[in-house]
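Consider the single chain below, provided in structure tokens and representing the form predicted on its own.
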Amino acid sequence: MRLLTHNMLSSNIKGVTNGFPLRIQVEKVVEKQVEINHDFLRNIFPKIDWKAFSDASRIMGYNELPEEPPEPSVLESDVEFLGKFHHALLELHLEEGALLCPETGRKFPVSKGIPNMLLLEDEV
């Protein structure tokens, strides 16, 4: 599971009011090379919750991103930052582990890179 996916997921358990961001429990992280697309990165940047994204990247062992979001103008000129943003967003994969609801602690397993977000009957 890419951090792009993680940044879009939340816990939808009945009664949960704060299901984002899901905490990551890492068992195995893999890196998969992806061709960089600067236009995609510039367009997705405003949609990313930066704090959740930078925290998740650190949990997965990648410490190259700033804690505070950079100014959007950086995306036009800083190729080094774009490379780091690209790597964390698209090349780091949570292969095995779990996502935890921040409110209930419910574990959603991640197996072979696929998060299982299915709810139990009493959670719907």
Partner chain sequence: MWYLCVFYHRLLDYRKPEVESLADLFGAFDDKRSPGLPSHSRALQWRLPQHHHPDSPFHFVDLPSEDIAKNVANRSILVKGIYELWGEGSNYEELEEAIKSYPDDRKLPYLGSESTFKITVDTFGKVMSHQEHNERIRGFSYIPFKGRVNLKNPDINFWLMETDDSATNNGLPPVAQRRIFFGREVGGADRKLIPTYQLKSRNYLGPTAMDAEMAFLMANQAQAAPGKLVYDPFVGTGSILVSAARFGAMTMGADIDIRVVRDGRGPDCNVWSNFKQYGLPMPIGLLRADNNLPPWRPGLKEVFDAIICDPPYGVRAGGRKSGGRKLLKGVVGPYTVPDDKRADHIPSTAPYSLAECVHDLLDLAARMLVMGGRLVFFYPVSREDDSSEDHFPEHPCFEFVASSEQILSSRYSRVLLTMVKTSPYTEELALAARIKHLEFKENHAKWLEEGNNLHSSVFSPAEVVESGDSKESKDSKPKYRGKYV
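Positions refer to the first chain, counted from 1. Bear in mind that the values here come from a model prediction, so they are computed numbers and not experimental data.
The form predicted together with its partner chain is left out here; the points below concern that form.
Enquirer: Counting only non-hydrogen atoms and a 4.5 Å threshold, tell me whether S10, I48 and L120 all contact its partner chain in the model of the complex.
Expert: Yes, the whole candidate spot contacts its partner chain.
Enquirer: Look at the stretches 23 to 31, 64 to 72, 48 to 56, 77 to 85 and give the one with heavy atoms within 4.5 Å of its partner chain in the model of the complex.
Expert: Single hit among the candidates: 48 to 56.
Enquirer: Although its partner chain is absent from this view, report whether P102 comes within 4.5 Å of it in the model of the complex, heavy atoms only.
Expert: Answer no; every heavy atom of P102 is more than 4.5 Å from its partner chain in the model of the complex.
Enquirer: Report whether the minimum heavy atom distance between L90 and its partner chain in the model of the complex is within 4.5 Å.
Expert: Yes, L90 lies within 4.5 Å of its partner chain in the model of the complex.
Enquirer: Scan 35 to 57 and write down, in order along the chain, each residue with a heavy atom lying within 4.5 Å of its partner chain in the model of the complex.
Expert: N37, F40, N43, I44, K47, I48, D49, in sequence order.
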